[in-house]
Ligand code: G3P
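Below you'll find only one chain, the form predicted alone, shown as structure tokens.
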Amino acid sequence: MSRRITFDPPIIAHRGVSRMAPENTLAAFRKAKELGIHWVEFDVMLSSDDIAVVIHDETLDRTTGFNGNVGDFPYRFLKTLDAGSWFDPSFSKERIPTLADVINLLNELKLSANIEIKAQPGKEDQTVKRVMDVIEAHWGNISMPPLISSFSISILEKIRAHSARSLIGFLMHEWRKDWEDVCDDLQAIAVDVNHKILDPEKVKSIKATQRALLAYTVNDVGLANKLYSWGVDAVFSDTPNELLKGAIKPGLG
């Protein structure tokens, strides 16, 4: 692992600042910049016409009010949906952005990103290729490449096969005894872990491998500080504004 990533402040805005703006929208990423957060996290999947779009759920219902699956519709339709009013009417003009839209904004705002790839069954190869093509075409050369993550080892293997230089993060919701072997095989530089399964010894074991350790999803100042004290490098949070106001211990992120 020749690349090291740093986090200052040690907070990653989860789906953007998703308690202050509708998640995974350009407004949510702009809010991160306003707060002084330098990292954002978001999810990517494909529309029916293979456009990489930024949205978390496979279904459209929760964030657009439209009943249907993301992968069943072309982007020319998806972009007409209101992706903001569910959060607040003032965000009614927000739309489901493409990955290219988001990367162009991040380049403008000078923000780094953790991109989680989600693929519909049977479209893993297609999804990885399209996402990687967009990243390579749009990501600014002067900024740190994105950290690309997934719970799926198969998807991460496809990313590594596509590019020897990609920065990979292994997402782990439940503890795997073989996590280090998995990360070694993938040449992963980060492990993104459910904070509920962490303890000081597990943190120590991950940090001993010189990998970045990121914990999700942390919206409590006390919990964030405890994780930092154990050695966690950064936390994914829906409420970075609240964490910034809390007593985040300097130097531990």
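For every residue, the number given is its place in the sequence shown, counted from 1. Nothing here was measured: the structure is a model prediction, and the numbers come from that model.
The same protein also exists as the form predicted in complex with SN-glycerol-3-phosphate; that form is not shown, yet it is the one meant from here on.
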4.5 Å heavy atom contact, F91 to SN-glycerol-3-phosphate in the model of the complex
no
Contact flag, K158 vs SN-glycerol-3-phosphate in the model of the complex, heavy atom cut 4.5 Å
no
Taking 4.5 angstroms as the cut-off for heavy atoms, does V134 touch SN-glycerol-3-phosphate in the model of the complex?
no
Any chance R130 has a heavy atom within 4.5 Å of SN-glycerol-3-phosphate in the model of the complex?
no
Out of the stretches listed (175-183, 97-105, 77-85, 110-118), which one is close to SN-glycerol-3-phosphate in the model of the complex, meaning heavy atoms within 4.5 Å?
110-118
Check each of R211, H56, K33, H195 and return the one that places a heavy atom within 4.5 angstroms of SN-glycerol-3-phosphate in the model of the complex.
H56
Residue by residue through 68-82, tell me which have a non-hydrogen atom within 4.5 angstroms of SN-glycerol-3-phosphate in the model of the complex.
none
